[in-house]
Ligand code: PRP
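Shown below, as structure tokens, is a lone chain in the form predicted on its own; questions about how it binds or moves come after it.
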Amino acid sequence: MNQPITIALPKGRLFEKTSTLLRSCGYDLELGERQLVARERNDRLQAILVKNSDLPTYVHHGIAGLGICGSDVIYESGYDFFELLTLPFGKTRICLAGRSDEKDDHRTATSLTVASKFTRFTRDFFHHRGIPVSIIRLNGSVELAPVLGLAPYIVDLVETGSTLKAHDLEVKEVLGETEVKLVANRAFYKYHNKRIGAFVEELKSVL
């Protein structure tokens, strides 16, 4: 009998949407309070619930064969996966933002200082433009950086822009878009491609 496929799911807002999607395909993965591992009743799928930023690590090391994760997190990890499917939720913008009352010259600047948790993306983006960038890594409350003078710009995910507005910040440029991806560990996919293919088709049938 085949062992269940293990899929890593992100904690937070994405978990509700991904678990609803899986449930619509007959995979009922109810996680109790403080429970981080669950099997659905027919033993076809096992889910592990992990921190979003850690998810690529679990898939890369084969702890989970599959994972559902934002493309921004995948890019920052530097790991290489098979991207199997783009899901129709969780899309957002990754933006350069700064103070509303200050002149924006980032396109003509000879160098930039930027605060962000997206260090790899930020470095690669501005390197491609030929602009040296000094990056201050922050993992939370990145909006405070321009307010308190730590850095004139931030790179962050922006949905409605209300948090920026509350801190007198504004989007200076949309640098890209992020999407939610179903990814596979390459070695796992090689040995289980038929089962994974069938699973992907199940998801596609309800999207």
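Sequential numbering from 1, following the sequence displayed. These numbers come from a predicted model, not from an experiment.
Separately, the form predicted together with the named molecule exists; it is not shown, and the next lines address it.
Decide whether Asn42 counts as a contact residue for the named molecule in the predicted bound form under a heavy atom distance cut-off of 4.5 Å. Answer no; every heavy atom of Asn42 is more than 4.5 Å from the named molecule in the predicted bound form.
The named molecule contact at Gly26 in the predicted bound form, heavy atom, 4.5 Å: Although the named molecule is absent here, Gly26 would stay clear of it in the predicted bound form, with no heavy atoms inside 4.5 Å.
Exercise: Gly176 in contact with the named molecule in the predicted bound form, heavy atom 4.5 Å: Gly176: no contact with the named molecule in the predicted bound form.
How about Gly140: is it within 4.5 Å of the named molecule in the predicted bound form, going by heavy atoms? Gly140 belongs to the contact set for the named molecule.
Verify the flagged residues Lys117, Val158 and Ser162 against the named molecule in the predicted bound form: is each one within 4.5 Å by a non-hydrogen atom? Checked in the predicted bound form: all three residues contact the named molecule.
Stretch from 141-149, 176-184, 42-50, 57-65 whose residues place a heavy atom within 4.5 Å of the named molecule in the predicted bound form: The contacting stretch is 141-149.
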